[in-house]
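Given as structure tokens, the chain that follows is alone and in the form predicted on its own.
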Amino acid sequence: MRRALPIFVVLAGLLVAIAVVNPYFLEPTAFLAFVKRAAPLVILAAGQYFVIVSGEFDLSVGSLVTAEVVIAARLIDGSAEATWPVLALMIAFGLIVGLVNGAVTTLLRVPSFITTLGMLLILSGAVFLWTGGSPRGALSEQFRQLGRGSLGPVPWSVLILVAVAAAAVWATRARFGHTLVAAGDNDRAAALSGVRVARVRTVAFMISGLSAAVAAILLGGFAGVSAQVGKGLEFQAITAVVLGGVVLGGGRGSVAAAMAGAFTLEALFTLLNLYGISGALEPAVQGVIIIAAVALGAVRFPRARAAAAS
């Protein structure tokens, strides 16, 4: 848990800095609005955590979010009656994409970077072919309420985020979470100790696909239908996870810290916006964070292993 402490300190510092620039941020309405904006990325980061800590990557979540929103709009087309069946279909589609990613990676032994990059291109191409670059259809008001509505003073997206976060923390503390970390740390040793590495990693990809489906539901409700709604989210999710101290390559990390990393990234972008700094710098900031985190991990963990061996 001590490894996760720095990201919570950084997050607290950024929140204080935002409050100094904008005192209104401290009011419950404004703070809940911040959490509401961050919820899709936090959920994606939670799903990405399971894949990365198992020693793999999932680059397909951004295009999956886009595909989910575009498909939902086309199928619902403003019909309230179609809302819940389509929501169930979105969840199933996310799980199926995760299953395919996991099966290709573990059974066919295609590196996950290549597998999910290929899935990203397949989904992006399919969406463009289907829509011609201009999505058709419309989401129903019932669907939109999940992203922008509220239960009393608390937005639905915040309640959904709390449920997802609780489930993610529970999963990491259960036997599945321990076997996942073992597979990421040393898959051969884990297999010799009885861990079904292929199955565990495939489930991790399915969790990532499920998180993308939930994020798509929230983003569709919050931002509406767009062929660009999920653009770049895969890199934001990976940035959030490494910012939370999860080691690229697997075996170390905390899902709570990964979600805190997503909040930190959202807080950083909010602060930059308050200072009038162009949003065009966001990808550059993400790149710096990823390179710095990987470089720091390369320096720290060999030393930690050497110290442990001695």
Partner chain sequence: MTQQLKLGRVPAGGSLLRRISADRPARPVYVALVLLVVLGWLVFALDGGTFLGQENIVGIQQRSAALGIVAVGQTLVILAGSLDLSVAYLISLTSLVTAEIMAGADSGVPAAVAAALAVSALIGLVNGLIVTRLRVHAFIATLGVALVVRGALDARYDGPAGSVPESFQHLGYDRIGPLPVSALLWAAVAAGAWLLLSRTRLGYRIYAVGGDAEVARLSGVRTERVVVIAHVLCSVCAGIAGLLLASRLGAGAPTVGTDGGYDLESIAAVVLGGTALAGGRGGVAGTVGGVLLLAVLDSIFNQLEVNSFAKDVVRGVILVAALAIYARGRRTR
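Residue numbers count along the first chain shown, from 1. Everything numeric in this text was worked out from a predicted model, so none of it was measured. Only the largest set of C-alpha atoms that superpose within 1.5 Å between the two forms is called the rigid core.
Only in words, not in the display: the form predicted in complex with the partner chain, which the text now covers.
For the candidate set 163, 88, 151, 122, a heavy atom within 4.5 Å of the partner chain in the model of the complex is found for exactly one residue, namely 122. With the partner omitted here, the residue from 248, 35, 256, 268 that has a non-hydrogen atom within 4.5 angstroms of the partner chain in the model of the complex is 248. Shown alone, this chain has one stretch from 25-33, 256-264, 39-47, 57-65 that lies within 4.5 Å of the partner chain in the model of the complex by heavy atoms: 57-65. Contact annotation: residue 118 falls within 4.5 Å of the partner chain in the model of the complex, judged by heavy atom distances. Proximity of residue 239 to the partner chain in the model of the complex: non-hydrogen atoms within 4.5 Å are present. Heavy atoms of residue 96 never reach within 4.5 Å of the partner chain in the model of the complex, leaving it off the interface. Among residues of the shown chain, residue 159 is not one whose heavy atoms approach the partner chain to within 4.5 Å in the model of the complex. Although the partner is absent from the chain shown here, none of 19, 143 and 223 has a heavy atom within 4.5 Å of the partner chain in the model of the complex. Residues of 5-27 placing a heavy atom within 4.5 Å of the partner chain in the model of the complex: none. Relative to the superposed rigid core, residue 33 undergoes a CA displacement smaller than 2 Å between the shown form and the other one.
Relative to the superposed core, residue 16 shifts its CA atom by less than 2 Å between the shown form and the other one. The Cα position of residue 285 differs by 2 Å or more between the shown form and the other one after fitting on the rigid core. Distance between the C-alpha atoms of residue 289 and residue 22: shorter by at least 3 Å in the model of the complex than in the displayed form.
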